[in-house]
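Okay, so here's just one chain, in structure tokens, the form predicted alone.
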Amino acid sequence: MKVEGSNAIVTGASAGIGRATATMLAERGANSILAADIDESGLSETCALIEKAGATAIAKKTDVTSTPDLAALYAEAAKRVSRLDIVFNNAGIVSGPPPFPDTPYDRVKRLVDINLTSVIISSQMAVEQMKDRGGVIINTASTGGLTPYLADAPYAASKAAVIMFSRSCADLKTMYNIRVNAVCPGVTETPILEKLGGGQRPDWLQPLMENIQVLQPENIASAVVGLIEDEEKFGEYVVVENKPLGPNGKG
């Protein structure tokens, strides 16, 4: 699918990968982007970047754990754009400290609601709008969903489930010409590392970050755009890996 002239929804758009992707879509010629997040201040900043890049920005405060909020987001899309072409289900959090199995129960539930349940429900709503004309859905998973890791087992489990959900949607290509894929970022420098999930960067993450080239949000945005444009990709996941640092601290 060509990004030029398209209309998109991006969740988790107030910062990080969501902001970078929304901006890159605008730079590639997207017509309009509905930027969704619970952080209204961050949304305003993202929308300014979208407009600067030449696309129409529509800010929509959205708690992705709320089905009514998601329904309102898709109702806004139906009202504001002629057709919905792209949905990037990107909102997500890590558990934060303390590590599993001591993670508070309510934080585990919120993580699964944001990282997995919202992706499934948002995708259902996207299919409802896209099934007559086709479209593309990209879901943010993680390399953490490919490798068992006790310290944030709930996060790893949620992202593994996003990968399987995306793969399970492969037949939507035949049914409705809707391509669903997942992107699996490695460790990326975004506010997810401390903004939610306990309010601080997990202790277990620091040693890992010292030995790899930490990815930037733009690296992931490029992979997302690639999945949107590649008509042969559906029911798949693409890994964006961290390169190890050499003895001199360089990749």
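Predicted model, so just to flag it, every value in this text is computed and none were measured. When you see a residue number, it is the position in the sequence shown, counting from 1.
We do not show the form predicted in complex with a small molecule, though everything after this point is about it.
The closest non-hydrogen atom of Ala57 lies beyond 4.5 Å of the small molecule in the model of the complex.
The shortest heavy atom separation between Val225 and the small molecule in the model of the complex exceeds 4.5 Å. In the model of the complex, no heavy atom of Ile50 sits within 4.5 Å of the small molecule. Contact annotation: Met24 falls outside 4.5 Å of the small molecule in the model of the complex, judged by heavy atom distances. When contacts are defined as a non-hydrogen atom within 4.5 Å, none of Glu4, Asn31 and Glu128 contacts the small molecule in the model of the complex. Note on the interface: of 151-159, 78-86, 128-136, 174-182, the segment with non-hydrogen atoms within 4.5 angstroms of the small molecule in the model of the complex is 151-159. With the partner omitted here, the residue from Val108, Ile93, Cys169, Ile121 that has a non-hydrogen atom within 4.5 angstroms of the small molecule in the model of the complex is Ile93.
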